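Listed next as structure tokens is one chain, alone, in the form predicted on its own.
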């Protein structure tokens, strides 16, 4: 059957500052939605469905959309955005979308939505950025860690992740240790025309682990139920992270499986906040040296619908998160490539991480998405190394 599009007015007007957030959440409303768009003024929603549906089904989908709109937009107050750095007016030598050229060169190969294999140029760019982030970690004498890709479900439950970000979770399971079931799987398992494995979920073992959504969580869990040394803990790690974004999985801007480098601080409030600010100032020098075009501004995490207004307002009020937003000249927009985060004593309280005086520890981290950094760089500087910053030309000649 052919796809179908229909339009309707939101139950409440969607304010301009929430259009992007609400539109991103519409990707999770119904699997029959192929595309969802909100008009620039926030007064009209357009849905494109994958196939024709009955009037009753259409009404059901619209009702779910309205639940999202009302939950996120009703009574919403525009938060005050604090800008710490603004270099968006720096000139860029490149203005085209880098994706077609990356495809032409074989630098990317899409294996599934949000899952890409990366070629030599992107890999070398990521290594270059990694070296600078490692220099940042070294300036704090951060201790290196290596964390697993899997994370126990009981850990995420302990910090309320299931309620705050249920839409982005990726689950890991396995076949039960039962010879008959293993033999039956091996005999009959196959993928359908959509790439879906045709095995009922009840054939798999109970879910005890998930794919990790963030690097720093692992450090906090290693410190759970412990008293910190007087000097606190400073660590760094790089790892694979997984956040499912449904229809929002587009190009290298939004990946299901991505790589994040973090520098993590655990200790007293002043220790965490002072180091977060030092990290920002040191990165400012690195970005200036390479002529990077970006802005650092206050932001909120992508909480799910039920938690969005409360948690977003809390983060904004206490300025807990600042994003590094790189300019994408080809679409005149920006992309978050990193962040400076302060969690107050949330993890200290929930995980019983204690300071020497017995009070809960505070935590914070500086995080960089490596694939996004490389993508934003190519979007600004293109593929000719002679147009790249002088500090990079020797490496990539």
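Quick caveat: nothing in here was measured; it's all calculated off a predicted structure. Numbering follows the first chain given and starts at 1.
Beyond the structure shown, there is the form predicted together with a small molecule, which is absent from this document and is the topic of what follows.
Put simply, of 65, 47, 367, 27 only one has a heavy atom within 4.5 Å of the small molecule in the predicted complex, and it is 367.
For the options 116, 258, 129, 147, the residue carrying a heavy atom within 4.5 angstroms of the small molecule in the predicted complex is 258. Exactly one of the stretches 32 to 40, 338 to 346, 353 to 361, 47 to 55 approaches the small molecule in the predicted complex with heavy atoms within 4.5 Å, and it is 338 to 346. No member of the trio 90, 280 and 327 reaches the small molecule in the predicted complex with any non-hydrogen atom inside 4.5 Å.
Though the partner is left out of this view, residue 245 does reach within 4.5 Å of the small molecule in the predicted complex, counting heavy atoms only.
Residue 107 falls outside the set of residues with a heavy atom inside 4.5 Å of the small molecule in the predicted complex. In the predicted complex, the small molecule lies within 4.5 Å of some heavy atom of residue 254. By the criterion of a heavy atom within 4.5 Å, residue 218 is excluded from the residues contacting the small molecule in the predicted complex.
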